[in-house]
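In the form predicted on its own, a lone chain appears below as structure tokens.
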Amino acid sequence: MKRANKGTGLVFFPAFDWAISATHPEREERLLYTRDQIFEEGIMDLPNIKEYRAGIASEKDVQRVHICVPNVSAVATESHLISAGGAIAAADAVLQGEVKNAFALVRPPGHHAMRVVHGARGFCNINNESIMVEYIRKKYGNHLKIAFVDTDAHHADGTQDIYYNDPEVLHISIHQDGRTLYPGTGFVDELGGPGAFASTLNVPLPPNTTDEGLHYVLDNFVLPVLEEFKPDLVINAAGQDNHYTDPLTNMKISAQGYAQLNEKLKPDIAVLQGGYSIEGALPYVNVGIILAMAGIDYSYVKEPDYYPERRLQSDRVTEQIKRTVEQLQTIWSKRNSVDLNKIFGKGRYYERYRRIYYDTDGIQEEQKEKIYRCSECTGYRLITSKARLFTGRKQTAHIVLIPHHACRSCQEVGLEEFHKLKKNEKSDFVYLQDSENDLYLSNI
């Protein structure tokens, strides 16, 4: 991989022709004010800013990440594919050495889209940043160590699900406590599967966390973990709905707080996620992030109604954050000495059961997952997914997953399981996702 010494790439795709509804928080206006602010500030005229056009993610790009039921075209519109293609364009610009870093200002967002997709949940259909990462691994080397730092106010449950048993991907989600906000997950004890324990790290923050609390987490936990993990790439899933004016959340982060986070984090790639304060937050936050990534002074970027004394963090919130960080520090420091059999059992398979609600599309899913406890690799996986659509119709999918770097035995057994299910299982859909061989099959 080539690395440039300077320059920041921008990919801008506001999806003007796509919205959930004319009044929905996730609509085209989200990026209109940002676009105007960027041009008003003259950012596109700066010599170290380079604009790139979004491409269109292919069906195979999506299949490397998702099992779309019944197929990709039924789940993702052209706007979704271009949004994912925008993230891919940002990755190519960085990894081909054209710029030092890049920011994909794209919509629709993606971090709530899980491995199996029956429809839209959390405003997300397909997972932009995960599609980008799997594209990177295929094109630039699948032994790369990747670190996600997701700063959206909502727990990144989709990205967590996709990489829950992948030891080469560190996923850190910093979000408002799931007891107070959708999707109701992202607690400290969600730490990854048997093949990737402590590669999933969640930092739930209490409502009314300010810049002070966010940066305490960054300085005392996130940055030290990244330094120890030594990723080849750092990706910021740059949600902005923890801003103090966001209508959907209860956080108190400012544009300066976001910009300082990016200055410290130094992400190679940032991909826009949520953020629904269209006029009060997004123009200022996005400009701050761009300037910070480009190494340009951002001290003048402030919201018109920002008064520091009104954003003071209470002692109660501060103490809660410190306790959470101490708990996570202990987990991380002791991760290599944990007896995994006490957590995941001693059986050949680790099983987990989940109920997943698609709030956007009104779909109820019941999912059973079995991970084979292989001594040579992270093991093949078997998933049974039963969904009830909002129309009342039911659909069942059986899935075989063969992970990156799967041993020969898991590859062979996984393929056998797929053909067995395809032949014998009375289900609507049967899928094979073979990441090791870049092979994706189904019974349709």
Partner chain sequence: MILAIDVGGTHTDAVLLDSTGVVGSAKVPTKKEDLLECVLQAIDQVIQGCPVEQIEKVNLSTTLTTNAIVENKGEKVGLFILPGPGINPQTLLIGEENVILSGYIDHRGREVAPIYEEEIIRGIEKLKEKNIKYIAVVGKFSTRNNKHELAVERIIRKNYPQIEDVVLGHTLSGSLNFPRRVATAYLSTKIKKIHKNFVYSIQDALKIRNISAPVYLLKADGGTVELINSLHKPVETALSGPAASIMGAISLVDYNGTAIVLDIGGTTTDLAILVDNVPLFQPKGAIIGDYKTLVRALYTKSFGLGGDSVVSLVGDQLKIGPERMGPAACLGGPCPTPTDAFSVLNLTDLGKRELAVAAYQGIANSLGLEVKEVAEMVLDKVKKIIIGHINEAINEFKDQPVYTIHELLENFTLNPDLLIGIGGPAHLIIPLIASELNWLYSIPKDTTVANAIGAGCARTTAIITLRVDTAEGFLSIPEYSYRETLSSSSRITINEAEAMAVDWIRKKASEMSIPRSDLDVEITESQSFNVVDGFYTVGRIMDITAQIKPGISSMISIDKEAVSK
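Numbering follows the first chain given and starts at 1. Model, not experiment: these values are computed from the prediction.
Beyond the structure shown, there is the form predicted in complex with the partner chain, which is absent from this document and is the topic of what follows.
Asker: Have a look at Glu40, Glu59, Glu416, Glu376 for me and say which one sits with a heavy atom within 4.5 Å of the partner chain in the predicted bound form.
Answerer: By the 4.5 Å criterion, the partner-contacting residue is Glu40.
Asker: Between the options Leu181, Leu291, Leu328, Ile126, which residue brings a heavy atom to within 4.5 Å of the partner chain in the predicted bound form?
Answerer: Only one listed residue qualifies here, and that residue is Leu291.
Asker: Do Gly55 and the partner chain share at least one heavy atom pair within 4.5 Å in the predicted bound form?
Answerer: Gly55 belongs to the contact set for the partner chain.
Asker: Heavy atom to heavy atom, is Phe429 within 4.5 Å of the partner chain in the predicted bound form?
Answerer: Contact with the partner chain, no.
Asker: Does Ile82 reach the partner chain in the predicted bound form, with heavy atoms at most 4.5 Å apart?
Answerer: Yes - in the predicted bound form, heavy atoms of Ile82 and the partner chain come within 4.5 Å of each other.
Asker: Verify the contact flag for Tyr284: yes if a non-hydrogen atom of it lies within 4.5 Å of a non-hydrogen atom of the partner chain in the predicted bound form, no if not.
Answerer: Contact check for Tyr284: yes, within 4.5 Å of the partner chain in the predicted bound form.
Asker: Quick check for you: of 199-207, 297-305, 218-226, 139-147, which stretch puts a non-hydrogen atom within 4.5 Å of the partner chain in the predicted bound form?
Answerer: Heavy atoms within 4.5 Å of the partner chain in the predicted bound form occur in 297-305.
Asker: At 4.5 Å by heavy atoms, is each residue in Glu28, Leu32 and Asp45 next to the partner chain in the predicted bound form?
Answerer: Answer is yes for this spot.
Asker: Just give me the residues of 103-128, first to last, that have a heavy atom within 4.5 Å of the partner chain in the predicted bound form.
Answerer: Residues within 4.5 Å: none in this stretch.
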